[in-house]
Structure formats: C-alpha cells, structure tokens
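Okay, here we've got a single chain as structure tokens, the form predicted alone, with questions on binding and movement later.
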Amino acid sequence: MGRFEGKTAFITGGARGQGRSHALALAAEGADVAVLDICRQIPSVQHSMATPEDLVETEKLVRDLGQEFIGIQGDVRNKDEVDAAVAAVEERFGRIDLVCANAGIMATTGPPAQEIAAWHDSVDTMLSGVFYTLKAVIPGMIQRGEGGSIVITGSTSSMRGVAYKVDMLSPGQVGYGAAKHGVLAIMRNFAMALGQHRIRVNTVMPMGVNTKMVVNDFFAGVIADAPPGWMANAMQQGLVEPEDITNAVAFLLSEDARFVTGTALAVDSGQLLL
C-alpha cells in the first residue's frame, strides 16, 4: 500500500514542471489528484507558461497510474477562483488531505520585469496565491478532524538576495524574492495555529530546477552575465531535477514526517552554505 492511499492531493501549478512531478509521485503512492493551473501566459513573464494541453497530459499520466484526477484552469491570484476550485475538489472527492501550494512564475527577465505589473504578478501569484490556497483548504481539513499536510514551494531566494547589479532591482526580480521570503511567514503562522488540529505546514526551498522556468533563452542571458560563483553550491552540482524536489515534498506530506511542521527544507546542494 502506498503512503497516500485513500488521500486526495490538491496541487497549484500542477500542469507541468515541479507540480506535475509532485502529482505523479503522489498518484503513484495511491492519492487521487486535483490540479489548479492558470494554463495561459502572463504578460510580465517571458518564459513559456503551462498550457491547457499540458494539463490534459498531466491528467492522462495520473489516470495511467490508476488514480482519479480533476484539472481546473484557474488563477491563484484571484481568491474567488481559488475558493471555487477548492469547493469543486471537495465536492468531487469529499476531502482534501494533501496540499502543494506550488504555483510560481519568474517575471524576472527582460523589459517586462522592469514594469510594475511584474511586481504585482509575482507577489499575487507566489504570496497572495499561497495565502488564498491555505485559507481555502483549512476549513474542510479542520472540520473533518483527520489532520492533513501542506507544503509550500519556496526557493533558496527565500533566504538570500540574488541581485548582482542595480538593473536586477526590478519589480519582477525583487517581487520574486519578496514573495519567496514572505511564504516563510505564512508557513510559520499557519503551522503554529494548525498544529492543534494535526495539520502540518512546511516549506521546501529548491535551488535551480531543470524546468522551463529556468531553462530558457531569457534566463540563460542572466546566467551568462553573472559574476563567478553567483549560484555556486557546496556539492558543485548543476540544476537538480523536478523529482529531487518531489522526493522532499512527498516526505513532508507523508506520515514519515508526522512530527515535522514549521520547517523550511532546502534542496539546494549546499547553496545556502556559501
């Protein structure tokens, strides 16, 4: 029997990338899966974002593992859309046990990053969107009285600045860092309040991950211009794979981590040591 047999997982930003990896791992261990993803381009973001076709592919992959799936196109920046998505999942499956607040963007490159819209898109997606997600799922978790587990996707940028020149002090870049710092406060406060209900809340903090968010021509230009050692790590490792982050997420969601809450777990090859 898998670690998540009989559970329902709700994943934001799950149409591709890290979110899809999380969805497949949880399904492989018995969870039914619901995904909320915007599935369209945000103008402040230069890298390609997920599409409706990506969401369909994720559904196919989950169903191939023998689990149920619901895919919802919606925007975590919009509280009403998040609330509606959670209500639809609870109506379909009767419960939400596991939550990955994972939706993220990098509005950090090119001319769009210099526009104030990039600040709002970054903070609204990765800070407000996380808050809306947690506020939407916890009433049902508390009412059912069976506990639950929530993992928020942070970043090594939750703990450090990355701007190596004045031009990087853009609304997009600073908005990204502000959001990723801010989710630690969300995580700690929710973990404190929800512990009495056996609902655990943690954060995973990845280094660079091999997804389209960072593997693109726009971010390659940022790397090419960076000073030596800008993203150095103790293990001298390049990008990690989505599955490396998923392994940490699955641990935090599982009963293997039943007494782990309020923790920020870095999967960073020692980047934060340097």
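A residue's number is simply how far along the shown sequence it sits, counting from 1. Since the structure is predicted, the reported quantities are computational estimates derived from the model, not experimental observations.
Beyond the structure shown, there is the form predicted together with a small molecule, which is absent from this document and is the topic of what follows.
A.B. asks: Choose from 86-94, 107-115, 193-201, 150-158 the stretch whose residues reach within 4.5 Å of the small molecule in the model of the complex, heavy atoms counted.
C.D. replies: Residues of 150-158 come within 4.5 Å of the partner.
A.B. asks: Taking the shortest heavy atom distance, is M141 within 4.5 Å of the small molecule in the model of the complex?
C.D. replies: M141: no contact with the small molecule in the model of the complex.
A.B. asks: Does any heavy atom of P171 come within 4.5 Å of a heavy atom of the small molecule in the model of the complex?
C.D. replies: P171: no contact with the small molecule in the model of the complex.
A.B. asks: Using 4.5 Å between non-hydrogen atoms, is A179 touching the small molecule in the model of the complex?
C.D. replies: Looking in the model of the complex, residue contacts with the small molecule do not include A179, since no heavy atom lies within 4.5 Å.
A.B. asks: Hey, in the model of the complex, does T246 get a heavy atom within 4.5 angstroms of the small molecule?
C.D. replies: Output for T246 is no: heavy atoms all beyond 4.5 Å of the small molecule.
A.B. asks: If the cut-off is 4.5 angstroms on heavy atoms, which of these, L134, M187, L98, A103, is the one near the small molecule in the model of the complex?
C.D. replies: Residue within 4.5 Å of the partner: A103.
A.B. asks: Exactly one residue in L65, I70, V214, V222 has a non-hydrogen atom within 4.5 Å of the small molecule in the model of the complex; which is it?
C.D. replies: If I apply the 4.5 Å criterion carefully, the residue I get is V214.
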